[in-house]
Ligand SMILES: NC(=O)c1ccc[n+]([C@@H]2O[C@H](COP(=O)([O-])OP(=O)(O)OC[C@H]3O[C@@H](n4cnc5c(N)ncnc54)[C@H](OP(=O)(O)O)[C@@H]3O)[C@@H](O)[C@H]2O)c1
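Listed next as structure tokens is one chain, alone, in the form predicted on its own.
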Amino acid sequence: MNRTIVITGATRGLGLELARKFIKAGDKVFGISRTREHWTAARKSIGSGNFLLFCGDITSEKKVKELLGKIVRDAGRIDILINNAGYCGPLARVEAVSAKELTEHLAQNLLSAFLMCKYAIPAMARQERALILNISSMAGTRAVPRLFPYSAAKSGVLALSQAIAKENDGTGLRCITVCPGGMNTEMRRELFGAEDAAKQQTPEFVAGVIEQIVNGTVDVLSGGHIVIRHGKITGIFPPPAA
């Protein structure tokens, strides 16, 4: 399809599956990761020159501005931005959570998405059609015990999407939030163990639903959100009333 797609957290899990699907469709994917740790395996898995990787700390305003500026200069446009990078620290009750740990969750999950949107919107809003997909979580739609920092940050991602959608109403830019339930990823294994992770939905399935949203076969209104749980779509919610 020859679209320019930017994906954060693109070298493993859901981000890598999304990159695979879009490249197969004929798109060019600019992937951003915090480190180069998984680059070799990711490139081998994708096997395409249309998978371009950049390394950078997306909690740094200076770095985000630099990265997105380079992508816009090189590609001329950003058709789709997918804020997928995320972080979840150790399970803990609220009284055991340190301020440092809460700050880390907010930075990695919410600040990063905010900065990516902030510096992508000026270019995207000028286009006839553009889409921002912010990956939140079911935990962002209702609090999960012992995951307060993650739930709070992902709830903020939902609010970010709703604000962007309202602020860009009447333009070609849409913004949607995707809220997956548990997925069989490395993060899930680290939190709950391999046995639990194996019972969760696959990143491939969630990526497939996102591909359908992008292609319009699953309809989610700008400012709305979709919940994907246990290998099926369990809810599509409109944006809140003004």
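When you see a residue number, it is the position in the sequence shown, counting from 1. Predicted model, so just to flag it, every value in this text is computed and none were measured.
The discussion below concerns the form predicted in complex with the named molecule, not included here.
*Asks:* Please check if residue 154 has a heavy atom lying within 4.5 Å of any heavy atom of the named molecule in the predicted bound form.
*Replies:* Yes.
*Asks:* Taking 4.5 angstroms as the cut-off for heavy atoms, does residue 187 touch the named molecule in the predicted bound form?
*Replies:* The answer is yes: residue 187 has a heavy atom within 4.5 Å of the named molecule.
*Asks:* Does any part of residue 86 reach within 4.5 Å of the named molecule in the predicted bound form? Heavy atoms only, please.
*Replies:* Yes, residue 86 is a contact residue.
*Asks:* Going by a heavy atom distance of 4.5 Å, is residue 161 a contact of the named molecule in the predicted bound form?
*Replies:* No.
*Asks:* Which of these stretches, 73-81, 141-149, 102-110, 166-174, has heavy atoms within 4.5 Å of the named molecule in the predicted bound form?
*Replies:* Result of the contact check: 102-110.
*Asks:* Which residue, 214, 29, 58, 207, is the contact with the named molecule in the predicted bound form, using a 4.5 Å heavy atom cutoff?
*Replies:* After the contact test, the surviving option is 58.
*Asks:* Name the single residue among 48, 40, 35, 202 that comes within 4.5 Å of the named molecule in the predicted bound form, judging by heavy atoms.
*Replies:* Checked against the cut-off, the match is 35.
*Asks:* Looking at the named molecule in the predicted bound form, which residues in 128-155 have at least one heavy atom within 4.5 Å of it?
*Replies:* Heavy-atom contacts to the named molecule in the predicted bound form: 135, 136, 137, 150, 154.
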